[in-house]
Each structure stands twice: as structure tokens, then as C-alpha cells.
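Presented below, as C-alpha cells, is a lone chain in the form predicted alone.
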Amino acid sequence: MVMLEEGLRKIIADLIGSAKNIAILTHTNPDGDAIGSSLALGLALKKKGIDARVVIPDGLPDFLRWLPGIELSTTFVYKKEKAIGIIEGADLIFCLDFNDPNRLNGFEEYLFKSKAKKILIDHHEDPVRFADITISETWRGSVGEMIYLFLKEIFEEDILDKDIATCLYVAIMTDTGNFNYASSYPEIFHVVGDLMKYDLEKDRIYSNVYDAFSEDRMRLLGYCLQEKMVVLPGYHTAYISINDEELKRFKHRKGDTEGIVNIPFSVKGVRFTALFIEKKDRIKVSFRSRGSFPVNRIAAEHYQGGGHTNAAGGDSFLSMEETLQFFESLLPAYAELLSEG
């Protein structure tokens, strides 16, 4: 499970060893992998006596606020001057869980202005070449798994502890849908098995992430299933759309729509799901699939997006009604692929 060649490992180890201040950046609308992997790296660097800080573009979902090391994070939209100061004062910058600096959603200009060396660690396809060092392994289920390997290879001593292992486990668990997808290879379970050695409280972690939603979020979920889920059996497809008025009705908070795109898979025969959420200036589109159906192809060709084979997303700049009509109009072209599973 070696990720780094010896020469690259030494270069990175030297960069870390000579750094006093390290910034860790991750993407807008951060998920469990983005936050978990960033905090794990930050905690490990702190143990080495380095001032490591995590900068995220916008707010944290409530179900991630309990994570160890959360005090290392600064949110750009709420504390802009502090976030800029962290980036400007960094000797080294890590970019985690995004393949394009545009996903920083507003503070990429400060990344580009910085003269610090930049290291990208990511698992999304077609990374933009903006970093000095790019570590890209698109077949891995999460960046959390990559950070586990990174820490094992960069530091001679075992730097992991319960807090770091907890953050890594959350990263891996959430980005694989609790090991339901992107996890069909032995190495990922070797990683999780090793994390368990650090007194990991697996059941408590699961409950903190998946059993911590508000009553409003649960009622939103029920409404989506009863009123908004459209099933198209002929195309093995189902989708859910949520407009701004509906989000306000259920007192939407960041993270409330997390995982909703996966729920239609419980319908027998569904292999392709989509979630459309109305934003201020666009419709956010999320895709998931089972089997070999490439949702990243649809995202890239029609929604200015991308992602993985089974998990991707993009944007529509049509109205919600037009967006849904356009989506359904695409399905006949993919009917053969969808029927193959």
C-alpha cells in the first residue's frame, strides 16, 4: 500500500520539516472526507510542533462539528481576514479533496498569490495542474485513506492516535457511504482495520454522523420521499428536487440534504439517482450510480461538473422546471448503459 516513491517522500518530508506554518485548504460545501482528512493532517502536524491550520470556504455541517481538532479550522466566509492571514503566513500549503482551485469558491486568488510550495492530495479524476506536487489516486475511495498512507510514509514514527484515527475513519466512512460504494478493494479494509487499533469508538462515530439530524431534517426527508421523489423504472432512475421555498419551510441548515441523493437506491431496480437543489443563482445537481454507469460523464458533458464514476455533480443554470425536463430528456441516450447495470 505504498503511495509515495522514495524520492518524493524525502522531498515532502523535507518541506514539512522546514515549515513553521502550514495551511490546509479544502473545498466548498465540505463533506466528511474534506473535513476529516484535513483535521487528521492538521492534528498530525501539530504533534510535530508545526502551527497547522485548516481553512474551509464556507460553513461546517452540524454532524461534523464534534470532530477532534475542529478548533484548527477557520471558515473563510465568516472570518475572512483570519483565513487570508493563515494562507499568507504559510510556509507550505496542502490542498485536500478537490481537483480544481475553483472549488475554493472565492479564496483561490490568495492561494495563487502565495509563494509557498503547494501539495495537492486528491482522488477526483482529471486534476488541474496548479500545485507544485500532485498526489492523485483516483481509484481510492477517499482522501482520508490517502492521508492515512501519507502519514505512515512521511513520518518515521507512528504519529497516529485516537483523535487522528477518528478523523480518518469519518473521512473514509462518509465518502464510501458507510462502505457501500467506492470500497471494493482489500486495501481500504486493511486501513480501517489498523485504525481500530487506536481505541476507535466505531459505533459512537457512526451515531454522531448519521444519528444526529434535527427533527426538521427528518421531516424534510419524509417530504422528499412522499412528495418529491420521481421514479422512472424504464430507465432504472429516480430523482428528487428541492426548491428554495421547501428548504425554508423545513428550516434548512447546512448538511440537511446530505445523503438524500442515495435514498432512492432502496427502490428495487434503481441504478441511477439525482438530487436537484435550488440555490440563489443555480440548481446544484448531484448524481449517484450503482455498477459501472458513469455519472461523471453526464456531469461533465451536460452540467459543467465532474467527479467519480459512481458519484459526481455539477450545476444547471436553467429554472428548476427546465432543469428537470432537460434531465429526463437525456435518459433515452443512456438507456442501454442503464439497463446493463
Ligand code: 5GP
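Here the structure is a predicted model, which is why all the values come from computation and not from measurement. So that there is no doubt, residue numbering starts at 1 and follows the sequence shown.
The same protein also exists as the form predicted in complex with the named molecule; that form is not shown, yet it is the one meant from here on.
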{"query": "All of Lys284, His308 and Gly313 within 4.5 Å of the named molecule in the predicted complex, heavy atom check", "finding": "yes"}
{"query": "In the predicted complex, the residue from Lys118, Arg271, Arg103, Arg140 that sits within 4.5 Å of the named molecule by heavy atoms", "finding": "Arg103"}
{"query": "4.5 angstroms heavy atom contact with the named molecule in the predicted complex for Arg53", "finding": "no"}
{"query": "Partner contact for Arg217 in the predicted complex: the named molecule, 4.5 angstroms, heavy atom", "finding": "no"}
{"query": "Contact flag, His252 vs the named molecule in the predicted complex, heavy atom cut 4.5 Å", "finding": "no"}
